[in-house]
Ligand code: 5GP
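A single chain comes next, written as structure tokens; it is the form predicted alone.
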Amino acid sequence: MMDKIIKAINAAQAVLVASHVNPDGDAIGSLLSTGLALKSLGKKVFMYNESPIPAVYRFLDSVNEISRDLDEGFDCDTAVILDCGSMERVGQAIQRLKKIKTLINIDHHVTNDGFGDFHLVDYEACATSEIIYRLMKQLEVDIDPPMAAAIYTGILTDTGSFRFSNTNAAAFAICNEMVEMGVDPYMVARHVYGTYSLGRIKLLNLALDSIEIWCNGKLSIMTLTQEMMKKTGTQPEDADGLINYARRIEDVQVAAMIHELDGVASAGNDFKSKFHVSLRSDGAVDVSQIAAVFGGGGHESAAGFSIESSLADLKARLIELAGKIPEICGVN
């Protein structure tokens, strides 16, 4: 499949490069490195993500070239969709993307549904940025410092600074090569992990107070509401990483962070909201299977889904589902 994708890219004239809504470091790193690589090959490139770029990643060169809007006049013959388990993860632009002649799907999520004309999905890769690195080598792209910083950031963040179970030998080898090309590990870490706004600290305080423990201490649920975001003056990107506090609680095997995106008026007296739910595991439970029940996906140790529901009903469904998992409920 790599050969077919290389042939498709070489034939492309104008390429749309996109990654998933609410982007993490790998979504941004793979998006930037791919976009810059294709530009170096003489392609006309349009980089797109529906969501704002989190402040911690705005240090990356050319990040301002990522647009949140698709110009009505944009005309691309090829689209490269990155780090998305399904086309829906791109967001509201999905229908316009489907009209593009050639769709290339590059991802590392085990729940990837195989969309697109060509798909390069490697479940063993530590990050989509790892796959992009390999693709760039095959395309004989000269990796410059901005591309190197994007690849390094994607791998660093998706492996949790080389702490997560997806960390592999390639993660270390590629990042070492990127450092040799000029990436400053301290500078990247300082931006990604070392600087928080006062609002984020206040949001963290409210998030920690919201934690509930269920299933004999094996399930933790953290809740972030729109009211919390308004009270602290924070944006959705400020919630990035907060779930790790719930995951690190002693004895917890599955952590869920329920993030309210906006309220939705519904029929009758009921009131529902749109939520994004992030799931993390200590390795004992495959949370991608939990996410799949709700139409989402991800990895064994990190997954997520979006849903419209009342908060009470959503919590009840998560607790009920967790209570049926043998590792959590104690059934062998």
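For every residue, the number given is its place in the sequence shown, counted from 1. Every value quoted in this text rests on a predicted model; they were computed, and no experiment measured them.
If you look for the form predicted in complex with the ligand, you will not find it shown, but the lines that follow are about it.
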Non-hydrogen atom contact Ala302 with the ligand in the model of the complex at 4.5 angstroms: yes
is_contact(Pro54, the ligand) in the model of the complex, heavy atom dist at most 4.5 Å: no
4.5 angstroms heavy atom contact with the ligand in the model of the complex for His109: yes
Contact test in the model of the complex: Gln289 vs the ligand, heavy atoms, 4.5 Å: no
Per-stretch contact check against the ligand in the model of the complex, the hit in 28-36, 44-52, 303-311, 57-65 (non-hydrogen atom, 4.5 angstroms): 303-311
Within 225-240, the residues that have a heavy atom no more than 4.5 Å from the ligand in the model of the complex: none
